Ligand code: ACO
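The chain below stands alone and is given as structure tokens, in the form predicted alone.
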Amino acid sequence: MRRSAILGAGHYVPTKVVTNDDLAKLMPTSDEWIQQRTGIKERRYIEHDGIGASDLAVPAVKMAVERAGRDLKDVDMIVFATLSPDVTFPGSGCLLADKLGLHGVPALDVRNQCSGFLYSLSIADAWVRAGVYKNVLIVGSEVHSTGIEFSERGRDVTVLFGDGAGAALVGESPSPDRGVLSLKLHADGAGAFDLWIPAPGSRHIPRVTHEMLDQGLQYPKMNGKSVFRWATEKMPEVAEEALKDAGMTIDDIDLFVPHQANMRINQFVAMKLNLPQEKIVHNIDRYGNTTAATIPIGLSESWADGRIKEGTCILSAAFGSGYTWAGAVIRW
């Protein structure tokens, strides 16, 4: 049976470092308050106007393709996950293809927020196993810094997010016992308005008004307690589901690469799974929540650090707006 595998992973973050102390100059907060509640120390923001999600994706993609031992011209499909597209339309996948010189290569945008990378991996996995495409480029890239509110009203959300991109090239596994072993996806719209942006929206006539802007409806709104409760329930649940589907137990896992929403969430999930802290990948302290980019950044950095090598068994899980959540088991 044909199996898909991540052939190479890459990442890129902007050079502008924004610390908790920097944010404390803009709104009533503190380094201690942010670290205690989130585990975040700093995050990256784009350096200047004109940089979009597709721009951050370019160096991440080039790194991933090079590590895979392939050329850009080998890419025959692009799946781009983002909640912060360069523009409302067209999709960032098309913009990325143009910047990479991949003219005529199909491109698909995925809107599954924090679960976007694992949802994209499931699409790539199905296409590769079916023989539809040979080298599927999946990307998670976000520019949050231009869409958050630097005020007391917005601080609970603003302190969480950063900009960054991660990418992976998915192709046929060189071995039947390696690659994507299991993928599980879920969604429940009952929690859709616990984490969302109210406006602009096609359900409004007009889509945006001065009153909406005055109310700050163009900024993310979050019910933090509800998100925490759902995440700490659904992430270990889907992780166990993915393990069972792969015919494995938690003892078979070498590394846990979770979505980076909150350090406390990941620690809580690891505790529920009986995973020791040394097996968990954390990058939220340095990058904040980069949504669809957190997992591929974690994979890329772990490969570079030597924590991932041939044969490493990886468990991954994500939870985010929608609500959507997903889990995967991968043998590198």
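Residue positions are given as counts along the sequence shown, with the first one as 1. Please read all numbers here as calculations on a predicted model, not as lab measurements.
Quick note: we don't show the form predicted in complex with the ligand, though the next part is all about it.
The partner is absent here, but in the predicted bound form a heavy atom of 225, alone among 225, 244, 204, 99, sits within 4.5 Å of the ligand. The listed set 307, 264, 279, 41 contains one residue whose heavy atoms approach the ligand in the predicted bound form to within 4.5 Å, identified as 264. Figure note: of the listed segments 43 to 51, 65 to 73, 28 to 36, 270 to 278, the one touching the ligand in the predicted bound form, with heavy atoms no more than 4.5 Å away, is 28 to 36. If you check the ligand in the predicted bound form, you find a heavy atom from every one of 114, 155 and 319 within 4.5 Å. Although the partner is absent from this view, residue 289 contacts the ligand in the predicted bound form, with a non-hydrogen atom inside 4.5 angstroms.
Mapping the unseen interface onto this chain, residue 128 falls outside it, with no heavy atom inside 4.5 Å of the ligand in the predicted bound form. Taking the partner from the other structure, the ligand in the predicted bound form has no heavy atom within 4.5 Å of any heavy atom of residue 256. Within this chain, residue 161 lines the site of the ligand in the predicted bound form, having a heavy atom no more than 4.5 Å away.
Using a 4.5 Å cut-off on any heavy atom, the one residue of 180 to 202 that reaches the ligand in the predicted bound form is 195.
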